[in-house]
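Single chain ahead, written as structure tokens, the form predicted alone.
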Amino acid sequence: MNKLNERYIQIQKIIRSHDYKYYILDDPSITDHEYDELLKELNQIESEHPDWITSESPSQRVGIKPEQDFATFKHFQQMLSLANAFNEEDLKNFHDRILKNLGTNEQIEYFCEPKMDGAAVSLIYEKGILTKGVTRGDGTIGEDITSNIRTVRSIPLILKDSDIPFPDLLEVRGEIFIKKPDFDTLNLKAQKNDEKVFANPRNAAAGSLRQLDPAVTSLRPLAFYAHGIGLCKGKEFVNLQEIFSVFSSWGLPINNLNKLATSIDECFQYFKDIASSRSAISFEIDGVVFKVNELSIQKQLGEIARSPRWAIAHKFPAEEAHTEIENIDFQVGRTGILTPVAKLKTVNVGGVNVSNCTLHNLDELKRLDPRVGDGAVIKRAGDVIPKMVRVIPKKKNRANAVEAPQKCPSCFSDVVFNYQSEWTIMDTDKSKPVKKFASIYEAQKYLEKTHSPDFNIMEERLETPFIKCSGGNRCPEIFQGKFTHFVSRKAMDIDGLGQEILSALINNDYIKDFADIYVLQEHREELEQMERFGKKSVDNLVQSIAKSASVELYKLVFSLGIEEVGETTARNLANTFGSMEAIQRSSFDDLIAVQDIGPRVAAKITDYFCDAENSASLEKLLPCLTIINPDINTMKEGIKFSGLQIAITGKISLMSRDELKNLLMSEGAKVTSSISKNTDYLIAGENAGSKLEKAKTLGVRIVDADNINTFVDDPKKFF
């Protein structure tokens, strides 16, 4: 080995040492200029001797060329998701379950970490050299993003030498994130360059990792903390505390806020300490993670529904933010219901910019009494939907209270109250109520049975929080909403008919009825001349329309937009009557005999098919379609899930949630989104969360999402 080669090896070690001090210890020992000079010398040597260059050289952090697409990679060990705790009681129940499973009352040590709000990745080191970086994906298969991972300066390309030898193969689990100050700088730079700004650091980190050009990723201020281990060949560990100590000695960055707790009480205190200092922490967190420290105990506890029994995420309560109410409008939905919506001065709530917030109905409007100019406290319910928690009245010159409009804001038709009624059988002789009913039908049936001349029916209108446009299809919002629902994915599933294109076709009189969609190909030449259209887009649209013309009966029923007829009710109608003609002919009595259809919904269905305009519309539509009717005679025999209530939670990897839902409902199941004592099964996928915990508490049978096919083939195995 000549002197130049020795210098080349030495300079790589020097640069790695300074990378460790700068990016991991945050304690640089040389100036930026001195560091740049070292890189310059390294690049000069490599330009003269390109055959010396290896993938772990500091010069090779950025790939030579962009990727065409990301390959997939199966994790050596599954990347599990965590169940959630939302309060101290949930955490205490988690601890009690562990003690019960272990059959002990002894103290358990927990390793405590802030729950980072970033992008989970797996790093693979072979004999100390980074060979692959992979996204979490579905926990089993991720995307190979090695070229982008190599650009993250805090991730060592070669592990740092220590007294502990490197294992032959090591999977390091961790989080890619962007610190708050770096995120602010990134967005300021984007604003100056008229580029799109990021909503929050988590989105910025995840988006940066999925750039096909590593050079773009290298410009993003990404950082990394290790928080777990996957497969490890050639090294045995006893507990998490040891793992992170060894990781640190190898130069892997570890969160210095991690802590070992010797009891559940110390876990409670750790959560409080992290929560109180949350705003001062330099990166986004959304809770705290508690893991059983001893690996042998982890193995003994095992996992359920792709979540470990030995770990839990204690989430922070939804963040709240203060803002100002700029206006309150009423928006018209496809059924004509007017919903009050607050227009807000844009505010960031839990990392998301919020400028609108629904007020739901008149009851909520009355309860909150929001007015233009008032302050408002906003939170994101379930960290998703913006919700107005309370109003802070303006101290001086407060605006008038918001009143329900008398006219529809879209078509100026009269607004009517969407009343619900209650019917009471009155004993006129004694002037007292006998029995109350939710429908006139039930009241009349009762009256027929009694044959009492002293009984009559009295209607009582109940207060209702809803108001409705009386314009029907004359209202542009209702008309557009009807077609938007008809072509939606869960209905007729016609790709290429988004809001703007639908509006254009409606405004140009190409669509006046459902059937008009199925003759759009007759206007190809005119369509190709319209804005947003071209030959290719028209071809795609025509193909999508043709594909949708072959439709299952329940989807067609759902697509009609009958008030209060959702997917489940539509399927029950299809499976009971077997054809559209039979549904149209069904009487009120026939309808209320259908599973989950009561008098109110039965009345809505009857009203829909008795309406002359709806009947004429269907008469034109049905010849355009090939309807796939269910075999109701076969379905009545041996339906696997008849009468069972099944809930689904978490991410399902084997099929889409809609596919699973349709599969279960086709076998007679009632699929719900909530857990109750009436729930028979919970299918739990990735990130199952609080629903899984509630199901365990209620004793609901749990089916791991990986076992869906077995469950559908033979549900008795899960009794």
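Predicted, not measured: the structure shown is a model, and the values here were computed from it. Counting begins at 1, following the sequence as shown.
Same protein, other form: the form predicted in complex with a small molecule, not shown, and the subject of what follows.
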query	finding
P599, heavy atom within 4.5 angstroms of the small molecule in the model of the complex	no
The small molecule contact in the model of the complex: Y125, any heavy atom under 4.5 Å	no
The small molecule contact at S81 in the model of the complex, heavy atom, 4.5 Å	yes
4.5 Å heavy atom contact, I605 and the small molecule in the model of the complex	no
Contact assignment for the small molecule in the model of the complex, among Y554, W310, F224, F483, heavy atom within 4.5 Å	W310
The unique member of A120, L257, V372, A376 whose heavy atoms fall within 4.5 Å of the small molecule in the model of the complex	A120
Interface segment, criterion being heavy atoms within 4.5 Å of the small molecule in the model of the complex, picked from 284-292, 398-406, 329-337, 488-496	284-292
